[in-house]
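Here's a solo chain for you in structure tokens, the form predicted on its own.
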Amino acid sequence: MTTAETLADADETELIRLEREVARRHLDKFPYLAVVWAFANLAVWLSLWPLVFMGIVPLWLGFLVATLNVSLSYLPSHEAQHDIIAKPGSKLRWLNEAVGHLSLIPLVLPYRLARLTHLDHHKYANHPELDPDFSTHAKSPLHAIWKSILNRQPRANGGLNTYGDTAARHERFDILFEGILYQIAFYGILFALAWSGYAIEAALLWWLPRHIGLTYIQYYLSWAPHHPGDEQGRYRNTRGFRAVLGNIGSMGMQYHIIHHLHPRIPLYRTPKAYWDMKPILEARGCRIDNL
């Protein structure tokens, strides 16, 4: 077993070898949970609409479940963005892409745009101009929540608005146009529902859950694992931290440092990979806060 004592005299080459050795034990594991999660979560959210409209499920309960659905909609797609479900050219590639596209419907975020910006985030993490998620950085938890809300206001320059800038910088105007179509469809559906007498249902099953879900996702998937976000580099641009809501409540982000180091390790394997790799991370000078 690798310990701090055994690494005391390890040089750079040895640390790299040991890190890769640990990572290999957790790579190429099929993320069954993410696949089931993607389709089950979407199915529950879609079923809320007829169940609430028919009075089978009360609106207040539908609102709570919808908020949970939206908050849980990003991570399965995140696995697909890194080709963890299936690599390009493999037989199950269709499943990888299906999970990527379908799981993000409640969040109203095009999969190709999410993948483009997320890969840029990995490449330029904490870069003030090139990291698409840099605008989520904040001084404190409350400030992070407030910034998330501010970044979704009209004419705001942060949040998801920077995703369009990233697509334009890559000259991927097809992806930018797809994002515009998603927004038109989203607000068109909300308007049609309101016009048909279901304004409150539309607001509580989609509009408000989406806002709450985005705040939650940006807090735990972006702000918390990178705070204070003032360093770049492979071993310093993110951290391991102890979340108030635990690993499940933080959607696995306590161990996000493993994801940035080895993006193709499935989410469900990151806690074990972290504990296996912790002495190496400490020898590397990684940021580990009370974990």
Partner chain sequence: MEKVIRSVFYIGPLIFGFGFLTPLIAQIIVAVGWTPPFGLSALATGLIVGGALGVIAQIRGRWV
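Residue numbers count along the first chain shown, from 1. This structure is a prediction, so every number in the text was calculated from the model and none was measured.
What follows is about the form predicted in complex with its partner chain, which we do not show.
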Is every one of Leu46, Trp49 and Ile56 in contact with its partner chain in the predicted bound form, taking contact as a heavy atom within 4.5 Å?
-> no
Which pick from Ala98, Ile212, Ala203, Ile145 sits with a heavy atom within 4.5 Å of its partner chain in the predicted bound form?
-> Ala203
Partner-facing stretch of 113 to 121, 77 to 85, 203 to 211, 130 to 138, counted where any non-hydrogen atom is within 4.5 angstroms of its partner chain in the predicted bound form = 203 to 211
Report whether the minimum heavy atom distance between Tyr187 and its partner chain in the predicted bound form is within 4.5 Å.
-> yes
Mark Leu92 yes when one of its heavy atoms lies within 4.5 Å of a heavy atom of its partner chain in the predicted bound form, and no otherwise.
-> no
Neighbours of its partner chain in the predicted bound form among 212 to 226 [non-hydrogen atom within 4.5 angstroms] = none
